[in-house]
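Just the one chain here, the form predicted on its own, laid out as structure tokens.
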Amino acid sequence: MSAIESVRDRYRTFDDQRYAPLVKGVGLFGLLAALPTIIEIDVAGMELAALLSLKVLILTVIYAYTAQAWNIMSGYTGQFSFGHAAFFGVGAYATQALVVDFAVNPWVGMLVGGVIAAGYGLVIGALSFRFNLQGHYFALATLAFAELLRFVVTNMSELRGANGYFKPFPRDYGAEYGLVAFQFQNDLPYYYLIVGFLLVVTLVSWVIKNSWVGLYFFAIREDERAAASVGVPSFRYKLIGVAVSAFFTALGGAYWSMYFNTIRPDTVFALFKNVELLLPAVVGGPGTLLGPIVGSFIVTPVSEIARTTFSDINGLDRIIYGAFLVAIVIYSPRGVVSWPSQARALWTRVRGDEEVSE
């Protein structure tokens, strides 16, 4: 037995154990927690921080979080949403409106935004599923609802129209800097806070995926008619998927509104925001637990590096970034997380050919 086969057999033995998901999760989030320190390490006279700053790390984990939330609905149930910016913007605006206009603590505003977004998701889902919208038609319907909301918010003077909101100082609502105020004086606490958000939504995704709810979700995704024929109430469970996904996406919007200084309709409800929220899951592997996280650590740094490297020529960074994404989607439609299994299949085929030739 070769060394590679020995390692593979040991990994399979470990992977069959009940504690394997816990060990993998601890390892993954331990690595995420250590990243701010790792990027400061000097290797051969060069720090990784020169390419991957703490701000880029925060942005990367934000999109890993939102992609994980999108995955609960679109990756698990197969109902492809192209309008999650609606939920993201609702969370951002609800938090800021309650904080600025009513001096409500941002954590309370965040939960209120999550509930409103879940309700809006139920309305979208009920209207769409009642008329049996599927595939491209459902994606277009979600996009239309998102654009409708952006238009409404832009023209509402009560929500400050196109100018949006400026993040208030803690003293404006009677709190000091810190976790309760949801505001910090440097970026490091923000990083660990969004890693905590990602841990929560990943745990929820794992619980759903390994429960009978997840079984119903995947049955609907694979063949909705067959699932309905054996008693799966597809309408109800698709609504559950929409509501859970919308709730957690809105929490991501609330975090965004407390990290960045301003929110406007053309930023949190933007058309391209819909793409940014779902792209990590599509690139990493829709329907998988690890895909959104891996995908975000590929697409977000590449986008930021292209933006800073090719900023002299207008639009060149978007062209390079777009070509990179097209190449990944074409050559890896099941996502980046499928690469190890594809490599193993290729290795097995090569070894088989060698044995036949001998």
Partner chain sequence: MGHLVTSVAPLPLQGGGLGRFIDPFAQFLTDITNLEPVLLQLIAFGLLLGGVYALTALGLTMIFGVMDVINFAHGIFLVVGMYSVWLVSETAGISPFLGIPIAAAVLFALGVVVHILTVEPIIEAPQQNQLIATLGVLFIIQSAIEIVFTPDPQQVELSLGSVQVGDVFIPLGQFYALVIALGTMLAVRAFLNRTDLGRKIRGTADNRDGARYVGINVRRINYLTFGIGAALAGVAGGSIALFQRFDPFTGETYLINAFVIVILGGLGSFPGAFVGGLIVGMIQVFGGYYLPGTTAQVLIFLLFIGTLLVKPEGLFGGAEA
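All values reported here derive from a predicted model rather than from experimental measurement. Positions refer to the first chain, counted from 1. Note that the rigid core is defined as the largest set of C-alphas that superpose within 1.5 Å between two forms.
In what follows, reference is made to the form predicted together with its partner chain, a form of this protein that is not presented.
Listed range touching its partner chain, judged in the predicted complex by heavy atoms within 4.5 Å, from 92 to 100, 227 to 235, 130 to 138, 106 to 114
Checking each option against the 4.5 Å cut-off leaves 130 to 138.
With the distance limit set at 4.5 angstroms and only heavy atoms considered, check whether D9, G30 and V294 all reach its partner chain in the predicted complex.
No: no residue has a heavy atom within 4.5 Å of the partner.
Contact of S157 with its partner chain in the predicted complex (heavy atom, 4.5 Å):
S157 belongs to the contact set for its partner chain.
Is V282 close enough to touch its partner chain in the predicted complex, meaning at least one heavy atom pair within 4.5 Å?
Yes, V282 lies within 4.5 Å of its partner chain in the predicted complex.
My question is simply whether T37 lines the interface with its partner chain in the predicted complex - judged by any non-hydrogen atom within 4.5 Å.
No, T37 sits far enough from its partner chain in the predicted complex that none of its heavy atoms falls within 4.5 Å.
Is F272 one of the residues lying within 4.5 Å of its partner chain in the predicted complex, judged by heavy atom distances?
So F272 counts as contacting its partner chain.
Heavy atom within 4.5 Å of its partner chain in the predicted complex - the one residue of Y190, F80, F218, Y165 that qualifies
Checked against the cut-off, the match is F80.
What is the one choice in L122, L203, A144, L179 with a heavy atom within 4.5 Å of its partner chain in the predicted complex?
After the contact test, the surviving option is A144.
Does anything in 299 to 333 come within 4.5 Å of its partner chain in the predicted complex by heavy atoms, and if so which residues, in order?
The stretch touches the partner through I313, N314, G315, L316, R318, I319, G322, A323, L325, V326, V329, I330, P333.
Threshold 2 Å Cα movement between this form and the one not shown at N314, rigid core reference
Yes, shifts by 2 Å or more.
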